[in-house]
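The data below hold one chain only, encoded as structure tokens and taken in the form predicted alone.
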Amino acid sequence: MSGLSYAFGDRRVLQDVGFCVQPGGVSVLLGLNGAGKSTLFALITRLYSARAGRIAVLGHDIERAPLAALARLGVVFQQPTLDLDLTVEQNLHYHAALHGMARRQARHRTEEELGRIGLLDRSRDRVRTLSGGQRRRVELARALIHRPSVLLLDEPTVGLDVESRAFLIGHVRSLCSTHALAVLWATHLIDEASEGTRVIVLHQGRVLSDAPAEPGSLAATFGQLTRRAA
């Protein structure tokens, strides 16, 4: 993306935002609540229409070729989006159908993704019977069922316990190394950026920094950047 700006009326939310997400690694979009992270995700997924700037997914412009661009995206939104009254596999099959997948392929991919997250035995349970951490795992499996090239996660660990957080972080990092996924992970939690992880600091709608996290210094650097920009 490049030159991306957005405003709600007179309130500017994003200002000239630009960066690229590379395959095989996690790029952490770090910002306080209200920094503009969710608005940025809404623009990438075309829930909002960009009025200034450009967004492209594997060369497909999100405005000119939205179907081609969105087909390469997998998304886990901050707010839960599963249908609680459907079973786990029904939620995944519905998403697969939206991507034009045949039933047989959808069944195979569902078993594969649920096996990876340790929930294959819950495939026929209604989603409302799952814990919060288990539901998040299902959302991740659903986002990956069509084999996207880019995975977007908007505050994916909010409300999760320590064990569920650790599983999600570890699973996504593993997917990056084994499937060459390009991941954009939005969070306000500094500890979700491990040493060497690329960190894009977003504050008041502007990118203040884009660099690998250095051991023991990220919290101090983040504090200095946000205070300086206030």
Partner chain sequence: MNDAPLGWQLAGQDATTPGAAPARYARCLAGIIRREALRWTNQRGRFVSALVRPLMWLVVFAAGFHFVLGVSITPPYRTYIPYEVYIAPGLAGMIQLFNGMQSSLSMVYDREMGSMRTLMVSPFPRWFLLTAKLLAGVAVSIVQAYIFFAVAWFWDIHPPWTGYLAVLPALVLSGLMLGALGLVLSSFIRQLENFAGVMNFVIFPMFFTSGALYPLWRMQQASQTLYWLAQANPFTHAVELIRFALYDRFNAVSALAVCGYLAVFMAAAIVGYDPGRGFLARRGGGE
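Residue numbers count along the first chain shown, from 1. As the structure is a computational prediction, the values presented were derived from the model and not from experiment.
Although it is not shown, the form predicted together with its partner chain is what the next lines describe.
Interface residue among Ser164, Gln204, Thr197, Ser38, judged by heavy atoms within 4.5 Å of its partner chain in the predicted bound form: Ser38.
Proximity to its partner chain in the predicted bound form, taken as a non-hydrogen atom within 4.5 angstroms, holds for one residue of Arg54, His188, His171, Arg64, which is Arg54. Not one of Arg122, Val127 and Thr157 places a heavy atom within 4.5 Å of its partner chain in the predicted bound form.
Residue contact with its partner chain in the predicted bound form: Ser177 places no heavy atom within 4.5 Å of it. By the criterion of a heavy atom within 4.5 Å, Ala211 is excluded from the residues contacting its partner chain in the predicted bound form. Although the partner is absent here, Glu111 sits far enough away that none of its heavy atoms falls within 4.5 Å of its partner chain in the predicted bound form. Residue contact with its partner chain in the predicted bound form: Val28 places no heavy atom within 4.5 Å of it. Annotation for 152-172: the only interface residue with its partner chain in the predicted bound form is Leu152 [heavy atom within 4.5 Å].
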